[in-house]
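Let's start with one chain on its own, the form predicted alone, as structure tokens.
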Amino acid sequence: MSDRNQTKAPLRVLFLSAEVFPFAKTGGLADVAGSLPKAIRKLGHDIRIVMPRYGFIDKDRWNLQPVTRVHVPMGDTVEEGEVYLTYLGDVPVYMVDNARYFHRDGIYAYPDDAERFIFFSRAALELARALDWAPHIVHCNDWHTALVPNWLKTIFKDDPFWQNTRTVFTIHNLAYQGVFGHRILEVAGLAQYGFIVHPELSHWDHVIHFMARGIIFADIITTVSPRYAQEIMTPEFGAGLDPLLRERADTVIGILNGIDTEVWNPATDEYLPQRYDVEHLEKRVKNKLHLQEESGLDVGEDIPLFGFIGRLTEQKGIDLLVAAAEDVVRHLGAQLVILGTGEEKWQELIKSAAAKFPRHVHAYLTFNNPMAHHIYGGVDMLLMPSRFEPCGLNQMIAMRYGAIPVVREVGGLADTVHDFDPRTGEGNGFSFRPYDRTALYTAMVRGVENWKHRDTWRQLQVRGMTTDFSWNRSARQYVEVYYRALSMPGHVPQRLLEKLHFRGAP
């Protein structure tokens, strides 16, 4: 019997991610990669993470131990990488090191990002062979690893080592797609297979599109929330790839992200001035007063306090927030604490608002992890007016900390935050649909009006704090996806092949 048919046996899963918390992080991908594998490991499966070893990842701090070297074909040359091993809980974490590609101050936005992540992804496959550890599943995340399914169905199609391996490709954010010039086909070893042309996607001509190739060649595609899985098949949210995603609709599955409930726990949080739990919510007010004082705001339990944590970009709705800020202060008497970095124009507008209302608006224009904990533990409401939001973790963390989310009804926000109806008592936050400042401001007004009714507010807090946002259920869903992938034939669906054609480089 082949491995593929032993569907309920423990699985070997190779989990590839460009960033993994706590080693390297720019966003939610790192949080998922640092939490989901641990939950899958607890279910009895042999899951191993592979990531780049960036220059800022200190060998001594993380006790990185050298395990092997890998030789990676890169076009006409072969380049070497050293692989180190550490652990995340019980999960092995292999880090691929190559000074030329990875010893930099950041993770992304370099001119040679295509080569960097081709090297990383191919090195991960060479590592599995070096360890003589053939995975049942290679779980790829975002465009950085999207060529892996392409390779397994082309250059490794007849390789016995990979015969029983299937791929799962998770889209964390469709907006970042990895589009590069035709030379990258040669670097990736895919030149003989040519360009992929789709009748509804003519803009693919003469480019190699990493994200699209992951969608075409993966056995199963997942996204980070059920709503986002539906949204990305529409022109509004499909970022130009919706025709291709509709072709693969029967293999696109939305699984809601979870949060690491060991890291995010107000009862044990070492960063909070005052720890608390759902049975002792009255202690939480000390965190609010502390946050107001350290932010230079007027201090008072009876002042409604909003928070925002995230990138200062239009994706996160920062344009709506800036537009509504003055009304919030003038008409609601509320306060606003902002934590994040981003585009210069938004930083300047936020600094201007803070200067105009110094006792009501304060901005931390940086990423400060302890301050994030202070905000979750101290604000009354957390704002997430996103233009689009594949999943969002902040709203889950906020509810776990007794802060009520105010969100736009999109993506994972719509899956996790349900608009409160004071007539029925149902709901766990405040949401709005139109993308405009009036809709956001109205939701904030409703939040403040309900905040004034302390018994109602406490019920909302308890409801959020007792909701299970851990990875337990989602990890089981991923395991079922893995088993489903193993039952699949392992080739590109015929109906999709009939729409695609491949041609040589210009």
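The shown structure was predicted, so the numbers you read here are calculated from the model rather than taken from an experiment. All residue numbers are counted from 1 along the displayed sequence.
Below: the form predicted in complex with a small molecule, not depicted.
Of 386-394, 429-437, 93-101, 117-125, which is the one stretch near the small molecule in the predicted bound form, taking non-hydrogen atoms within 4.5 angstroms as near? After filtering at 4.5 Å, what remains is 386-394.
Closest heavy atom of Gly340 to the small molecule in the predicted bound form, within 4.5 Å or not? Yes.
Closest heavy atom of His182 to the small molecule in the predicted bound form, within 4.5 Å or not? Taking the distances in the predicted bound form, the answer for His182 is no, it never comes within 4.5 Å of the small molecule.
My question is simply whether Trp162 lines the interface with the small molecule in the predicted bound form - judged by any non-hydrogen atom within 4.5 Å. Looking in the predicted bound form, residue contacts with the small molecule do not include Trp162, since no heavy atom lies within 4.5 Å.
Report yes if any heavy atom of Arg12 sits within 4.5 Å of a heavy atom of the small molecule in the predicted bound form; otherwise report no. Close contact is absent here: in the predicted bound form, Arg12 is far from the small molecule, nothing within 4.5 Å, heavy atoms only.
Though the small molecule is not shown, can you say which of Tyr376, Trp143, Phe217, Phe306 has a heavy atom within 4.5 Å of it in the predicted bound form? Contact check passes for Tyr376.
Let me know the one among Leu29, Met51, Ile47, Ala39 whose heavy atoms come within 4.5 Å of the small molecule in the predicted bound form, would you? Selected residue: Leu29.
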